[in-house]
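Take a look at this single chain, the form predicted alone, given in structure tokens.
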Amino acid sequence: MIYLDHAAATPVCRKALEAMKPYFAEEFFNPSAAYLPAKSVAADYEQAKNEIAHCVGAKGSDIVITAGATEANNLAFTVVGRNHGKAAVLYLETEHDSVRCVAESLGGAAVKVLSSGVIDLADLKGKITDETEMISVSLCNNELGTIQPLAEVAAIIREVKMDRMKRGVKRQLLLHSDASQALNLMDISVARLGVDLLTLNSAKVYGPKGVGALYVSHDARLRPLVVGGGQEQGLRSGTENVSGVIGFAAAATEAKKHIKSNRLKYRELKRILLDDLQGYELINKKHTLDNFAVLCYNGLDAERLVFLLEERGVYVATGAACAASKGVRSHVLAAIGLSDSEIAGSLRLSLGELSDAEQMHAAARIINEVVTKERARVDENPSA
């Protein structure tokens, strides 16, 4: 197997798996129980939250544990007032559907991106009004790997807030970012980024699936989506997923230690892969994570290529896994100006811990062979 879809899922790393094991059958106690073994588990849980928070320059008390990044993104939008006005929310047009859908439900307006996938800061400035309460811009795009200039977005927000103060406008203006793809390859600091809310995802950083976290600044006032037992400071009720959070903490801490070496590793592996590949156009050329490569084979059907490559033991994607499973056209590739034909022929390759140089050479050879046969088939029968 040559797995080139780490943006969709990562295997749980050894250290995370070992850290989780005791909490399945030995340290199984409910952290809310009153007896000593349960209190010990509760202490371990809080320590794990501290470790996750430390990875982004925050405190454990600043984060809310969720059942994944989708829930964390939805929870972030509860800062918007119940009686919100028109365009109370602005969001980047290339955002993941867990941001887009909730933003649109609040009457949000989309901010455009440039052909590179980077936010159009002029469009952002032009769309902020006195009604705007929240702006959501992902740190790294999940289909392109595009890194957004969040510090510049935060600077614009600070200018707007100062202008509002001078004019006596008291409406809040908060910055949210989905950093699901970033924790493994970027040194994240909530202070440097200037964010009020930050989404993290265990499943993308070699931790267990079904665990996420939302960093919440003191200026943000959330409303719970899940109520009942009052866990997570009343913001996310339900018995704590102790093993999951322990695993998330171990994986995030391990990733933090190896950010520089991982970036160098993936940069070299991607170079090897792209040098060996033939007949493609690289879509995400600049401002992108080192492990992402989006290839366009214009005139071919990327979904068919995915199946043909799977038969040869190479696993790639056409975009976000959730969108691809529904056969939905990529709104991300459309936003950067690709034609329908180019979108239909685009593959997303994302490298990770399972990747090595030998695999890159082998993957390129197999992809070249599959693409060559497909082009010949299409040339012989263009209507097929």
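Fair warning: this is a prediction, and the values are worked out from it, not measured in the lab. Sequential numbering from 1, following the sequence displayed.
Below, we refer to the form predicted in complex with a small molecule, which is not included among the displayed structures.
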Hey, in the predicted bound form, is Gln148 touching the small molecule, heavy atoms inside 4.5 Å? no
Residue-level question: is Ile52 within 4.5 Å of the small molecule in the predicted bound form, judged on heavy atoms? no
I'd like to know if Asn241 sits close to the small molecule in the predicted bound form, meaning any non-hydrogen atom pair within 4.5 angstroms. no
Does any part of Asn184 reach within 4.5 Å of the small molecule in the predicted bound form? Heavy atoms only, please. no
With the small molecule left out here, work out from 333 to 341, 61 to 69, 352 to 360, 39 to 47 which stretch has heavy atoms within 4.5 Å of it in the predicted bound form. 61 to 69
Of the options Asn142, Asn291, Thr132, Ser136, which one has a non-hydrogen atom that comes within 4.5 Å of the small molecule in the predicted bound form? Asn142
